[in-house]
Ligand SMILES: Cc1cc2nc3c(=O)[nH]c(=O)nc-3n(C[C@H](O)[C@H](O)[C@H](O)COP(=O)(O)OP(=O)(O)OC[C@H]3O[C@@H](n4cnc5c(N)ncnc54)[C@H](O)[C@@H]3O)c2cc1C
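Shown next as structure tokens: one chain only, the form predicted alone.
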Amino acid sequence: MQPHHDYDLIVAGAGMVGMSTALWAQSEGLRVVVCDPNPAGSGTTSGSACVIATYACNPVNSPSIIKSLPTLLTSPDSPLSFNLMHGLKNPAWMLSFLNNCRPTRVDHIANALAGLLAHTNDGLNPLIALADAQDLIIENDCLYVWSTASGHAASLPSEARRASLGVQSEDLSPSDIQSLEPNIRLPLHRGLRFKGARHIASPQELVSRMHRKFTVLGGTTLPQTILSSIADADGVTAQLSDNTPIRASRLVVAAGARSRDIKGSGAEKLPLGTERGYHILYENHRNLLSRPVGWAEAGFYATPMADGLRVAGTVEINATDAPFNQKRTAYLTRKSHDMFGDLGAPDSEWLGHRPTMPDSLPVIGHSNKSDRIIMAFGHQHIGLTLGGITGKIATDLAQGRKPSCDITAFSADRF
């Protein structure tokens, strides 16, 4: 005989995706428990570039990567860093990643992401209102700038794809950029202004407020890791790190880069990798910008946020537990000085793990182990953006409803 259901829904992970799922499910009357040993929003969410990037349909995978791979692998001035030993230990992931750099695959990925990104605000705005977090949301667009003619020329096909998928942007001349952001010292060639883009003054504070609201409304949080799960016809039993079992009708796996650690969920069979991202923070320089600015060639954003000016980005393909790579933060420091002049030393630096599938698409949908287990991870650079709508979709699935948007491309079965 199975134990009774302690909850309607167990959510593994209290980042942006997990807390969004918990709040959406709770708002529909479900009894929800969130399991995470760390404070809500303190992981990858907290260190992001703070942008609600509704325009971010172009994947990291791109045909140009294969051509420029030798340079990317050897240059200290590259936004992409790649540990060859890690690649050799994970050949299937790397080959799959490169296979997804073919033009037809990139078009498929961008189409799928654009379809989901179009629903960003439906998923996010109700949660912002519920968490009383309107004061954290800054509506002032977002800029993308190119400092070289060659960099801009290389981006034209992907920017044309973005426009064909409905992304609204305005082309900017160097003087347009200077009038919007006079403190940029870079030589400027061209820019884009993404209309309607927003950013968040503190992603950690947003998720903390979501968690507080969840708690006030009667939600339960257990500071434990879920080690394993067993689904049966009637529900799911999850084994916690303190050895206690809990039982619910359904389980949502939203533990980001750690989702594979949950044995028996089906996630452990998926090619979930980590793309390590870094940021540096200048506490006294937040007034240098009035909105996020992405420097295209350098692969990072500079964002004015509550804590200061955050310079976040670059991609490091390496083992999750590899040591902190000081070369990455040195790169961000050097490039931020190129962008703004001498800012002095950063006040802090950070490393986080973006959960990344080799095709840059998240996994959203039922586990192939059981439809009582729902996958919601692998959002790579855009978990902050897509957390709300992913939580809404996961709640639809937990309630046995067809989701409000097409999630076929995100199925775990694609692997």
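Residue numbers here begin at 1 and follow the sequence given. The model shown is predicted, which means the values in this text are computed figures rather than measured ones.
Not on display, but discussed next: the form predicted together with this ligand.
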{"item": "Contact test in the predicted complex: P37 vs this ligand, heavy atoms, 4.5 Å", "value": "yes"}
{"item": "I262, heavy atom within 4.5 angstroms of this ligand in the predicted complex", "value": "yes"}
{"item": "A394 within 4.5 Å of this ligand in the predicted complex, heavy atoms", "value": "no"}
{"item": "4.5 Å heavy atom contact, A22 to this ligand in the predicted complex", "value": "no"}
{"item": "Among the candidates G219, G235, G313, G273, the residue which, in the predicted complex, approaches this ligand to within 4.5 Å (heavy atoms)", "value": "G313"}
{"item": "Proximity to this ligand in the predicted complex, single hit among Q224, S96, S81, S169 (heavy atom within 4.5 Å)", "value": "Q224"}
{"item": "Listed range touching this ligand, judged in the predicted complex by heavy atoms within 4.5 Å, from 84-92, 322-330, 274-282, 131-139", "value": "274-282"}
{"item": "Any residue of 157-178 that, in the predicted complex, places a heavy atom within 4.5 Å of this ligand", "value": "none"}
